[in-house]
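To begin, one chain is listed below as structure tokens, in the form predicted alone.
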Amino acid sequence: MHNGKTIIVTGVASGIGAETCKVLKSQGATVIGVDRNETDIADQFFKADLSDPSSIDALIDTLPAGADGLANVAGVPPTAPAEAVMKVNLIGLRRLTVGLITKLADNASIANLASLAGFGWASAIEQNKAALALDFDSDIAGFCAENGLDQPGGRSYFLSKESLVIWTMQNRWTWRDRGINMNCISPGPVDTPILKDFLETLGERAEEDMKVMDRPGTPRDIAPVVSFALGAGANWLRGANITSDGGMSSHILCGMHDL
């Protein structure tokens, strides 16, 4: 499926990133891994901090040209400080992606790991527009305080994922002249090192959601979907949000519309 391809995977040291690396390698890809924690799982590894613009820029300069895909899997949980959540999950991801466009091969694919937490983007349009206007020169801490993102409840995480879904849709055709497509994958609750943090932050809301599921997902459920989004079979998917969530988004929609 990916024979002869080179694919960059961020967040490669653990969880979905590590499993995505394994799947891609098993399908013939050469994987360039990126993480703030060192690992030997990838064919090549580059250490970077996606909350730091200088680290991102140095990574862009260092990564070899010609990659056929970029999997933006790196992220921090809702228990992290709100400013860090916004920087890593949204602002840093965008800076890295845009900075790598000229280094990607023609017909490359970009897969962004969003979340079921981004499901409600349509009910917070103005807040998402404001979030999408942020960059590393913005007063990110001030934005978080003004919007209550530093309060309990994980709003920073939800907003970062909502904005990522929107940004993916907005850029559905941005690099179409080079054949580059971009989509996102929205997992539901996944049994990774951050699941405990997620449940701790969301409390009763998460517990109620989990009761209707047969089980939480695993990285093995999500990684093949990321691999598909990076493959030729997904070439005509542009700006799509693939919900790999055990049916949770369908459950929510049926409840919303009395179905």
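It should be emphasised that the depicted structure is a prediction, and the values quoted were computed from it without experimental measurement. Quick note: we count residues from 1 along the sequence shown, nothing fancier.
Another form, the form predicted together with a small molecule, is not on view; read the next lines as being about it.
Of the candidates 195, 234, 58, 213, 195 is the one whose heavy atoms come within 4.5 Å of the small molecule in the predicted bound form; the others do not. The single contact residue among 50, 70, 229, 31, judged by any heavy atom lying within 4.5 Å of the small molecule in the predicted bound form, is 50. Put simply, residue 13 is close to the small molecule in the predicted bound form: some heavy atom of it is within 4.5 Å. The small molecule in the predicted bound form is not approached by residue 163, whose heavy atoms all lie more than 4.5 angstroms from it.
Using a 4.5 angstroms threshold between heavy atoms, residue 113 counts as touching the small molecule in the predicted bound form.
Although the partner is absent here, residue 220 lies well away from the small molecule in the predicted bound form, with no heavy atom inside 4.5 Å.
The candidate spot formed by 81, 121 and 249 lies out of contact with the small molecule in the predicted bound form, as no residue has a heavy atom within 4.5 Å of it. Proximity to the small molecule in the predicted bound form, taken as heavy atoms within 4.5 Å, picks out 183-191 from the listed stretches 146-154, 131-139, 183-191, 103-111.
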